[in-house]
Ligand code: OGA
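Given as structure tokens, the chain that follows is alone and in the form predicted on its own.
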């Protein structure tokens, strides 16, 4: 509804749709679009706008359900970012697509390993097909995430939290108060401890069965990918699995509502992943972009395909042989877009020391990173805005 005021009953004081005081408050928080841009610049209070959005517990979908016709100011990217965006180059290249059906034969497996080596070194990203996860399992996972996010808002609000210690939680924008602009997405997060003992009842019933089934398949795929990556590093096939790089996992289920002004915001700001490996399931709408040769490359969805990307921690232990690269998700006029990222995080509890693999270190190739504990790196990563790299925290000075 063009020019209408959003209804946020959690805000104290005057009726937000009527009266001068209500009008001033809506302008101040950036949730009103009837005023002139000059008035909004003078009166806008970003912190109050962020707090108002956070306290609503309704997420971005709550805004779209209220009929928002313009992007609230807390989501609008800074002017310099928008100016850079207008000048940035887009590429028609595509990330490598690797067929895993050939990994059982010695000669064909060597070909796949070489493809993985090139992709992990040059792109940091690749897509896999014929990976062993049935298409119906992928489709049902997407449908389950959709059901969760599109259920009665009050059910989701009961799970809303910013507490990272909660193993299952609903929220919007992990870095809401640290970022320069909020992102146009909501998220259901499910953390899987190393013990694998997650009570199924903790998972929302709307996606419980599909999530449990998907986790089994993607865990097995993760083990296969670590074998191929080990061989790509010319190590024994079980090297990365012996290091337990996939021991702890997190399933992060994103919901990107249709955006009325996608050119002003992002679905997910540019970032790298603070993990060993990410396996991403995305629907057919598209929106994921990877930075390659200083250009944004669209990762076109492939039916039945999964996106795999190298995380920061694998770049560290590979001693820079594999690359964790910047990526983002754009906002879309159409929607919702749904994606499910499985993060393979390694051993978190009890603390385990990781560092550049000694077999990859030599006089000609000295270590370029220091040793680390996963939980310390995670804490560093989540203490800042996502668009700031944390790898320099571990990089040794030359």
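Predicted, not measured: the structure shown is a model, and the values here were computed from it. Numbering follows the first chain given and starts at 1.
Here the subject shifts to the form predicted in complex with N-oxalylglycine (OGA), a form of this protein not shown in this document.
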query	finding
Interface membership of residue 52, N-oxalylglycine (OGA) in the predicted bound form, 4.5 Å heavy atom rule	no
Residue contact check: residue 344 to N-oxalylglycine (OGA) in the predicted bound form, 4.5 Å heavy atom	no
Touches N-oxalylglycine (OGA) in the predicted bound form: residue 250 (any heavy atom, 4.5 Å)	no
Residue contact check: residue 60 to N-oxalylglycine (OGA) in the predicted bound form, 4.5 Å heavy atom	no
One residue of 146, 271, 117, 239 in contact with N-oxalylglycine (OGA), assessed in the predicted bound form (non-hydrogen atom, 4.5 angstroms)	271
Candidate stretches 228 to 236, 79 to 87, 95 to 103, 321 to 329, one within 4.5 Å of N-oxalylglycine (OGA) in the predicted bound form by heavy atom	321 to 329
Complete contact of 254, 280 and 339 with N-oxalylglycine (OGA) in the predicted bound form (any heavy atom, 4.5 Å)	yes
Contact set, 286 to 301 vs N-oxalylglycine (OGA) in the predicted bound form - heavy atom within 4.5 angstroms	288
